[in-house]
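Presented below, as structure tokens, is a lone chain in the form predicted alone.
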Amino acid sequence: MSETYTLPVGPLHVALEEPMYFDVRVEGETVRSVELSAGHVHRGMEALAMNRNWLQNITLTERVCSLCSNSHPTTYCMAVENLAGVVVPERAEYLRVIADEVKRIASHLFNVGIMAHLVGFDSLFMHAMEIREIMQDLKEGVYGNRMNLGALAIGGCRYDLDEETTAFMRAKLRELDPLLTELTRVYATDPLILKRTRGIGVLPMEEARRYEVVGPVARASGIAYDVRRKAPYAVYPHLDFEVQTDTAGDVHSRAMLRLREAAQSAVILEQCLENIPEGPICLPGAVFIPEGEAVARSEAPRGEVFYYVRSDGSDSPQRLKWRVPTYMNWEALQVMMAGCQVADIPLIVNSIDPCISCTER
């Protein structure tokens, strides 16, 4: 008769290098159940937000998460603007979408690159990161930074595009296109990638609905939930792009979905560069924030980001709270890991693209 025993994994996980602890019950090499233990970090960021003024919190929220660092201040500014009842200039709405989609491509390429590393295919990992460097160069060339863009302002944006930066961005997108196509082909056909990722970490659609997962995790399980389409914001209603879905719900389908979404982001960027109107990039003067409360949500690379703000009419929020995609996705790891091999645990964890730093804010 086989015996089960508990295998501690974490809190410094091999896939994440972020603190999260798993109590894994195994029988031989097969995982029978998983219990997650979070809460190893408390950054105190929500408390900090109440001690900073409305403008200072743009900088703070940009540091909630590195890969989604534009999505957080964007959603924060949207919530504050909803509370203030102001309308952002159309050019600024285009600029916000451009910044968001640049970050989405870089984030997705990072995740699939880490997947290749975990499989043991390090030359593919380096190739994915080399292609990601195109977007890093674009960020540095347009925004002056490779990670946090500093693009947002309440009532608009802090950066603009001129003819030179627009041409530079178009050149980078032309450079990206064939390389991204080739990278997608490799992930779709390479025998090692397929053997290690197909049928691993499966999350059926009914379980995805039960756990209410979001982002690429939901869409790879057949749920076409994308905030850019379900609750359109900025200029997404005017843009032509396809919400990517899959039905396999495994590690491989999540990676392929991210690669296809990166290609769609490039399509969105081309449309924005083509159609961006002339005009102001920000409202003149400071925006008055009245007493009241408001919410906003957006589609970050990892999934839906939700912000709540409450004001007492002073220059600082009385309450600022956010919900991030990892919080919605990580409980479903119990389904994805059940029955898998111990060696597959890092791959499955990476496939939900978790971010502990923004979840335990």
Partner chain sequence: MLPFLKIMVKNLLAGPSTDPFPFAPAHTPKRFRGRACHDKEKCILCGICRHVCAAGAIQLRVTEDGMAVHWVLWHNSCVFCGLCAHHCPTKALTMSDDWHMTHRGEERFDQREVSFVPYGQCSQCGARIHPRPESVVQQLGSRYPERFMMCPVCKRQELARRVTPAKPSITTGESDERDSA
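Numbering follows the first chain given and starts at 1. These numbers were taken from a predicted model, which means no experiment stands behind them.
Only in words, not in the display: the form predicted together with the partner chain, which the text now covers.
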Close approach of Gly150 to the partner chain in the model of the complex, 4.5 Å, heavy atom:
yes
Answer yes if any heavy atom of Tyr159 is within 4.5 Å of a heavy atom of the partner chain in the model of the complex; otherwise answer no.
yes
Would you please decide whether Pro232 lies within 4.5 angstroms of the partner chain in the model of the complex, comparing each non-hydrogen atom pair?
no
Arg297, heavy atom within 4.5 angstroms of the partner chain in the model of the complex
no
Name the stretch, out of 321-329, 49-57, 288-296, 27-35, where some heavy atom lies within 4.5 Å of the partner chain in the model of the complex.
49-57
Under a 4.5 angstroms heavy atom criterion, identify the one residue in Val186, Leu273, Val243, Ala171 near the partner chain in the model of the complex.
Val186
Within 4.5 Å, heavy atoms only, which of Glu175, Glu90, Glu207, Glu140 is in contact with the partner chain in the model of the complex?
Glu140
Within 4.5 Å of the partner chain in the model of the complex, all of Arg43, Tyr94 and Gly279 (non-hydrogen atom)
no
Contacts with the partner chain in the model of the complex - residues in 82-119 whose heavy atoms fall within 4.5 Å:
none
